[in-house]
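Form predicted alone, single chain, as structure tokens, below.
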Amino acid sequence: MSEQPIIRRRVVKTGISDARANNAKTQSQYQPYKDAAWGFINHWYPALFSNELAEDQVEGIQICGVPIVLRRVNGKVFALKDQCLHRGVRLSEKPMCFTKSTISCWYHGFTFDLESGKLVTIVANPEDKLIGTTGITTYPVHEVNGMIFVFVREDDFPDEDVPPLAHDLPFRFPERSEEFPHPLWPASPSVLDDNAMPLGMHRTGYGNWRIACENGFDNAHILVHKDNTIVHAMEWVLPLGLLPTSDDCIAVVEDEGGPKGLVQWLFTDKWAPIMENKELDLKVEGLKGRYYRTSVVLPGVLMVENWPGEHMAQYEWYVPITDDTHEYWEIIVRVCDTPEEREKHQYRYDRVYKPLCLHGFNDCDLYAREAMQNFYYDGTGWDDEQLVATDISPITWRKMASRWNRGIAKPGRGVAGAVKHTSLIFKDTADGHRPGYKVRQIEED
């Protein structure tokens, strides 16, 4: 980066200090983040919606390069490594469950206990000495308000060190309203609240999870949404962007025993909305704003308060699948205490929020992220990017995430996506199958 842009940043009227410059010294503070192409391990991630896993159903997914199989038995969800220890076959490709307490490999019959992951028998070799001496990793599960969360961990991560789900979810309100007051809107609901009703979807994004995550709270990217239908239908006024006016425009939260992340003090005097660019003859007219605030916590969860309406919040997870795919979760949460409120929220979601917000509005984010993927994929983008004052948000996030993540996920061993050029990839592509999140199960003729 040349000296000239750095000097310009020092005299810019925003008041951001030169310590924010993305120089080599700053980059060294977020090297762990740059190393986390496959995500952060030893964290809670959403795996499925509850209605995606019926009783006795088996599904296979992949998070942070870790293949995971889920099975529901007597209402309880179990999660194990979806890779037979014998010869690496994915158990979920052709589910085989002879008992309520086990899952078997459909290829050679290695059978594992759902609770402990231990090898309990081998179908055609029930006296083998390996039985009872080994097993596959299990993953803690927390199901709440229609969502199934899995703690994706390294094989040797101890049960006693697994934190509560709340430590990997956005800050809760009104519990933290005094610390982070929001006089412009009511307290935002949490997916953990009693009677919370999260409605949404998840879909595979073709790009690295970090690019997707940073897009969520990038205060200059508002530009890509200026022509969205929901903005004009609601006659909202979105600024061209938001400029920080002081170094304390972001609060970094690193409290012990809770979520680690940051809160942006949007729609206060710490950020200035840009309503005009005279050089381009661009000017935003009107006063009807949609006030909101964004925060992001580890392992990469965004919350947008007061969006797309009052008494609700939008949550987004950017769940790493491989180093170049992620599962994009989009959830709109509202507390509904009566059947009538639930019916109204569902009706509004189906007809407004899903088509106009999660698709119409967020679809712009999807293609914007894909547009950056090639620049960052080979690793040089992190060194070549030239950041400006509005990029205080991703720089702060990168440094915070580097300090507080519980582990850097490594490229998966013997899993999909670890090697980019294989005959199976070409075969799947020729057959019309995109890379995805769920395991496609074997179909027999």
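Note that the coordinates shown come from a computational prediction; the quantities given were computed from them, not determined experimentally. Don't overthink the numbering: it's just position in the shown sequence, from 1.
Omitted from view is the form predicted in complex with a further copy of the same chain, to which the following refers.
Residues with any non-hydrogen atom within 4.5 angstroms of a further copy of the same chain in the predicted complex fall in just one of 335-343, 180-188, 164-172, 367-375: 367-375. At a distance threshold of 4.5 angstroms between non-hydrogen atoms, Ala418 is in contact with a further copy of the same chain in the predicted complex. Put simply, Pro126 is close to a further copy of the same chain in the predicted complex: some heavy atom of it is within 4.5 Å. Using a 4.5 angstroms threshold between heavy atoms, Asp193 stays clear of a further copy of the same chain in the predicted complex. The closest non-hydrogen atom of Leu424 lies within 4.5 Å of a further copy of the same chain in the predicted complex. A single residue from the set Ser116, Thr229, Asn145, Thr268 has any heavy atom within 4.5 angstroms of a further copy of the same chain in the predicted complex; that residue is Thr229.
Not one of Gln27, Gly257 and Gly300 comes within 4.5 Å of a further copy of the same chain in the predicted complex, counting any heavy atom. Using a 4.5 Å cut-off on any heavy atom, the residues of 422-442 that reach a further copy of the same chain in the predicted complex are, in sequence order, Thr422, Ser423, Leu424, Ile425, Phe426, Lys427, Thr429, Ala430, Asp431, Gly432, His433, Arg434, Pro435, Ile442.
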